[in-house]
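Take a look at this single chain in C-alpha cells; it is the form predicted on its own.
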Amino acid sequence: MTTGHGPGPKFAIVGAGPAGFYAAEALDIECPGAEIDIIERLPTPFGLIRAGVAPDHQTTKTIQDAFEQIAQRPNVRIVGNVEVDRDVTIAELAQFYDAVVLASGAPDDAPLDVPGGDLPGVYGAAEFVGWYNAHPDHAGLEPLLDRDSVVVIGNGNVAIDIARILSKSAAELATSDIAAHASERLAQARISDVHIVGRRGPLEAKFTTVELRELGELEEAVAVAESHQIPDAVGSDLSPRDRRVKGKNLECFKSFAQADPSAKARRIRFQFNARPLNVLGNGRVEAICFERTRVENGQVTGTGETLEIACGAVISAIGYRARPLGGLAVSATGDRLTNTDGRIAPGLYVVGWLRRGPSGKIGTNRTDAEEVAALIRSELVVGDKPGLAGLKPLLASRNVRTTDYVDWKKIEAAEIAAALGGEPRRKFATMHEMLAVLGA
C-alpha cells in the first residue's frame, strides 16, 4: 500500500449482500483507518440473506446479526437506494474512491432454453424465490399456481426450498417471513404434487442431507421417489468424505422410495435422469416433456425415451447469470465478470458470486473477500479522493434520495411492528412502501 498526501484510503463496495459485508470487514482489517461505503440499490441491506434464504429458515438468517455489527462500525456506512449505472457510474465512483469493489452477485436466472420455455407459467428460481421473499423486483410476479401439479427443474437446495415452500401448510409457514402476497396466493393454490426433476442421478444431486430430511417431516406432504431409480449403494471409487455425504443422501432417497404416496394430501416427487425437451401448452404451461438420460464418463447423454409430466407451472432452478455493470465484460459462462483473482482493472475489483460464479455457501464469501482485500492492500495507492463527501453532492444533484443504516433500522422496526401471529416480520415488498416509512 502506497500512501499519498491525503487521509486514509476510501473504498466503495457495490452491493450490501454477504459478499459486500465480508469485503467491508476484510478491508477494515487490511487497511485500518479506511472509510468504507457500501452502496446498495435497495433501501434494505443483506442481499440474499433477506431475499434469497428460504423464509422458513430463520436460523440461517441469523448471520444478519454479524453483518449488523459490521454496519455499525464507525468507518463503515450504508448508502442505500443508489443504483450503479442508473444513479452513478463506476467511472464516477472511481473518481471519488481509491478502490471500487463490485459485490452485487449474479441476480438473474439462467434461461430454460427449450421450445415453450417462454410460455406463461415458466419461471426462473431467482424471480420465484424473490416473489415469495418480497423482493421489490419480483413482488408483482403473480405466478400461475392454479393447477394441481408444479414441476421444479434442478437438483440443488434451491429446488428443494421451492418445493418445500409450495408444499407446506399455512400453519407451517405462519412463523416464517414469507411475503404476505405469497402466503395468500399459496393458501388459495390447489397444488397437490410438486415434481423435482434432475438430469443426473440421485448420487450426483447437490442436495444437502439436512434439506432432504426436512422434506420427510412436513405436515401435509410426503416425499416420494421411484425405487428403480435409487441405487443400492454409493460407489467405492469416491473419497471417504463423498461416500459419507452421498451415503446419507442415499438413505433419505431409500426412505422416500418406501413412502406411501397417499399417506398425506400432497406429494413431493423426485424424478432423476431426465432433461427438459420442451414445454407444452396453448397460451400457458400445460405439461413439460423430458428425455430420459444416462451418465457416461461424467457426461449426460440422452436415451431417446421421453417422459411427459402434466403441470400448470414450471420453475427452473438451473443456475444464475450476472448483470454486466458499466459495460464490463461478462465471462463466457455468463455467471461472473471477467477478472483475474478478483482484479478487473487498476482500482477496480470484484468479490463473491460476481467474481467466482454462483457457488459455495454464505461463508465462502468471507474467504473470497479476504483474498481480494489482501490484493487491494498490496496494490493500493492512496490519494486525495473525497469518498462519500464527493459522492453525496453528485447524487443530490440528480435528486437521488439516499438511505443509510438508521433508515434501514426504521424500515425494519416498521416490518416487525406489522407482523401478525408468529411472524418475525412482515416485509415491505415495494420501494414505495419502504421509502414511505422514511417520509420520502
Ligand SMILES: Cc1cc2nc3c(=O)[nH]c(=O)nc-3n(C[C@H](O)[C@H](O)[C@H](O)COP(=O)(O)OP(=O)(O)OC[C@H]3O[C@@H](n4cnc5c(N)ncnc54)[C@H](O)[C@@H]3O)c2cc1C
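Start at 1 and count along the sequence shown; that's the residue number. Fair warning: this is a prediction, and the values are worked out from it, not measured in the lab.
Beyond what is shown, the protein has a form predicted together with this ligand; the following relates to that form.
- With the partner omitted here, the residue from Gly140, Gly360, Pro231, Pro115 that has a non-hydrogen atom within 4.5 angstroms of this ligand in the predicted bound form is Gly360.
- Checked against this ligand in the predicted bound form, the residues Val194, Val129, Leu212, Ala322 give one hit for a heavy atom within 4.5 Å, which is Val129.
- Using a 4.5 Å cutoff between non-hydrogen atoms, Glu40 counts as a contact of this ligand in the predicted bound form.
- The shortest heavy atom separation between Asp177 and this ligand in the predicted bound form exceeds 4.5 Å.
- Though the partner is left out of this view, Ala103 does reach within 4.5 Å of this ligand in the predicted bound form, counting heavy atoms only.
- Gly52 belongs to the set of residues with a heavy atom inside 4.5 Å of this ligand in the predicted bound form.
- Picking from 29-37, 43-51, 390-398, 406-414 the stretch near this ligand in the predicted bound form, with a 4.5 Å limit on heavy atoms, gives 43-51.
- Contact with this ligand in the predicted bound form, defined as a heavy atom within 4.5 Å, is made by none of Val150, Ser183 and Gly312.
- Of all the residues from 70-101, those having a non-hydrogen atom no more than 4.5 Å from this ligand in the predicted bound form are Val82, Glu83, Val84.
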